[in-house]
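A single chain comes next, written as structure tokens; it is the form predicted alone.
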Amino acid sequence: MSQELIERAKEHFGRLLEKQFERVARIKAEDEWIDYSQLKPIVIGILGGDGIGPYIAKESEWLLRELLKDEIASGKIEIRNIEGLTIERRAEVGKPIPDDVLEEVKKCHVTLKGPTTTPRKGDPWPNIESANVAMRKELDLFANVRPVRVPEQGIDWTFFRENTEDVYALGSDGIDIGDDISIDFRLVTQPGAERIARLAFDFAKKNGKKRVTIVTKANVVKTTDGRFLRACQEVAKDYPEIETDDWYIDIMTAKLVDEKRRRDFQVMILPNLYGDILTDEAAEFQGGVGTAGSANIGKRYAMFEAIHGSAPRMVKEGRAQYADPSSMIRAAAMLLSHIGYPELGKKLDMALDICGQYEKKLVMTGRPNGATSHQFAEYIMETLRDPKLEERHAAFQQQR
């Protein structure tokens, strides 16, 4: 019986390998980067997701439409709503992304996405892959970029998390072998590691960053993490002006809370799982995952999203209208910068800082004793319209 189980596992693993060889070939043959300055219109898709997603997406879209009013009127920008990326619809069709939704997403150049529910074992939903993971794979969004800035603490971090490999890439392809053994698979490829490393070093060079840190557990996870570390170190040789070091993920989580050492870090490169964990920890310094946005970048497409979950309990308890939209609005600021409107993105970031970290005239609690999503979005818009926005932001930083 055990031999039969082993043969079945071999066949399963063989099919996974075939797909990955095909994927590596596609990576090696990938196109050049998209040039947004040559597009008219730039098409932005809004994906509400599920749970609290539609509530915070509505406010984020409203702010985008206000900021891009002139560009929309002149035909430079088009904003589309894409329905159907809900857990109910995904469960109904048995896919992480319904075919018609994916078709509409591919008609857009960039998307702004609300959170989506990912089924866990024991949930009432079928075992379908995470919509986020599927979107990253389908659109080859290989870089998850998450900035965390807390000026008064000297924190200015940018995380480059590899987005399409590691344990998440094959998370729904694990296998139970008999009654006693379960195995999942971890994937790192040479071209996959090289391209995230190059994007991080290019960012560091263009933005005057002096240090790039590679985060792995290569002393224990020697094969996959070892490959990731070596690939990043090879890329680093092309950037001799940038200091490169590497840390293990366990001690790195400790150093982010070390007040003496954490100021030294600037740009970090991580495999998928470690990146997910460390960026959530880092977001706490900025006010929690509800305040941090996330960019998912590929050469042809880009997706910007809130980094928190869909909070179905809030919906169940009738509190969805009190969900904090800051994370998705922060993602909208990143989107603006990415498509060629960095000044608008910077102003939106400043308004978020003032409203969420400095001034705090309205407080988000997730309950009726706090502001609603729309009230907070209106507060942000009021702040954005202040002609002295930059002066206010600078004054708050000096006070801190």
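Not measured: the values here are computed from a predicted model. When you see a residue number, it is the position in the sequence shown, counting from 1.
What comes next is about the form predicted in complex with ligand IPM, which is not displayed.
K.L.:
So, a 4.5 angstroms cut-off on heavy atom distances: do all three of 136, 146 and 168 pass it with respect to ligand IPM in the model of the complex?
P.N.:
Yes, the whole candidate spot contacts ligand IPM.
K.L.:
My question is simply whether residue 276 lines the interface with ligand IPM in the model of the complex - judged by any non-hydrogen atom within 4.5 Å.
P.N.:
Judged by the heavy-atom cut-off of 4.5 Å, residue 276 is in contact with ligand IPM in the model of the complex.
K.L.:
Wondering, does residue 161 line up within 4.5 Å of ligand IPM in the model of the complex on heavy atoms?
P.N.:
Residue 161: contacts ligand IPM in the model of the complex.
K.L.:
Please run the contact check for residue 130 against ligand IPM in the model of the complex: heavy atoms, 4.5 angstroms, yes or no?
P.N.:
Yes.
K.L.:
Is there any non-hydrogen atom of residue 118 lying within 4.5 Å of ligand IPM in the model of the complex?
P.N.:
Yes, residue 118 lies within 4.5 Å of ligand IPM in the model of the complex.
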